[in-house]
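First, one chain by itself in structure tokens, the form predicted alone.
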């Protein structure tokens, strides 16, 4: 029950004498790994930089007004409320000391050091701009709730600004042009939904502009759409995208992005500028920086995407107590999909439990591919399950069922179905609220030296005299409000 030696002010006291398991991340790997240990004789501490479990494949539906953020991101504490051996802590992990078995996390200037006996690292991946991180200011990615809400504000805000500009007689083509960079599943789904939004949902809502004239452009340096799905499904997808009004630009590498547009470069060296205020970046992923930290301590190599090489049992070389799962690992060409994280986390949890019970080690981790799917628009999708290739309505219905199954919580499933019915059968979008704060908050925070930390007081700071004055002001104000009501003095001429 003692604190870590030499650091009593910084370390977390061990919760008990049980085996301590720390799980980093609240995504698919972190959540399913934690839940898989619910019957084990261990204490589990999940550390994550958000307070929710994000169903990332549906982020684009938050960005385009189909679903609310709460339906795809339930509170992690609520999900794990009945798991008595699990504790959830808010914080971004900034350091892992493999020798001392310590995890250091920070949030708003507060530091916490958590000891572990076993560690599951499921920190996931972020958006990759291929060395051009400055593109992010003008072309948000699709990896977090903040990203989705910002994009929602940008997309719906573009139509509002176009209506205003057209009413003033200005050229608004750049406001009614939407560019999605990346023709993978996320990019295809995003482009398809923006096209449906412009060409179907909003057609009667504006007076000075016609949303049917909006351009939706899908850009990718690859020679086809959806490369992982094969040439046949890729061609079918491109045809359906073009049918609903999406312009597909292939073999086009984005070389510059600014506030008003972007520049693409083709193989023959020619360049083309596209004027568009709203850009969405869905072109690549980069593993969490913790992978580099673990690589430096173990010598395990990293690939170009920052993923770390692990042993066949998902452990780090020389550290059998540390498991890495999901988008962070480089093993057997595994794809960066939710099922890899889920299956890997369950494997790691089973191994931890087995060791405590004296069981023999498991066989090397083997991924079971349950297939891949992408939705293009209503009633149009592609699915790849084993050797089976499906398109159209059947694939679309399969997509709905599968994604509904993995949404966390019965309440969220019910509301998701209702919103899908409104959006796909009808023409409405249930979540169209957007604010300036959604659009500009991220950029504003980045301009602060320490981000959000600069907006809060340091731990321990407290001005007792100022608090006393403020309390007295509030008490006087409340007393005056009560007097006015008791004396029926409101609305009486003074």
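Residue numbers count along the first chain shown, from 1. In this text, all values refer to a predicted model and were calculated from it rather than measured experimentally.
Below, we turn to the form predicted in complex with a small molecule, even though it does not appear here.
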* residue 50 within 4.5 Å of the small molecule in the predicted bound form, heavy atoms -> yes
* Is there a non-hydrogen atom of residue 337 within 4.5 angstroms of a non-hydrogen atom of the small molecule in the predicted bound form? -> yes
* Taking 4.5 angstroms as the cut-off for heavy atoms, does residue 290 touch the small molecule in the predicted bound form? -> yes
* Indicate whether the small molecule has at least one heavy atom within 4.5 Å of a heavy atom of residue 241 in the predicted bound form. => no
* Can you check 463-471, 444-452, 63-71, 22-30 and let me know which stretch has heavy atoms within 4.5 Å of the small molecule in the predicted bound form? => 22-30
* Of these, 93, 262, 233, 139, which has a heavy atom no more than 4.5 Å from the small molecule in the predicted bound form? -> 93
* To do: Identify which of 430, 40, 438, 56 has a heavy atom within 4.5 Å of the small molecule in the predicted bound form; exactly one of them does.
  => 56
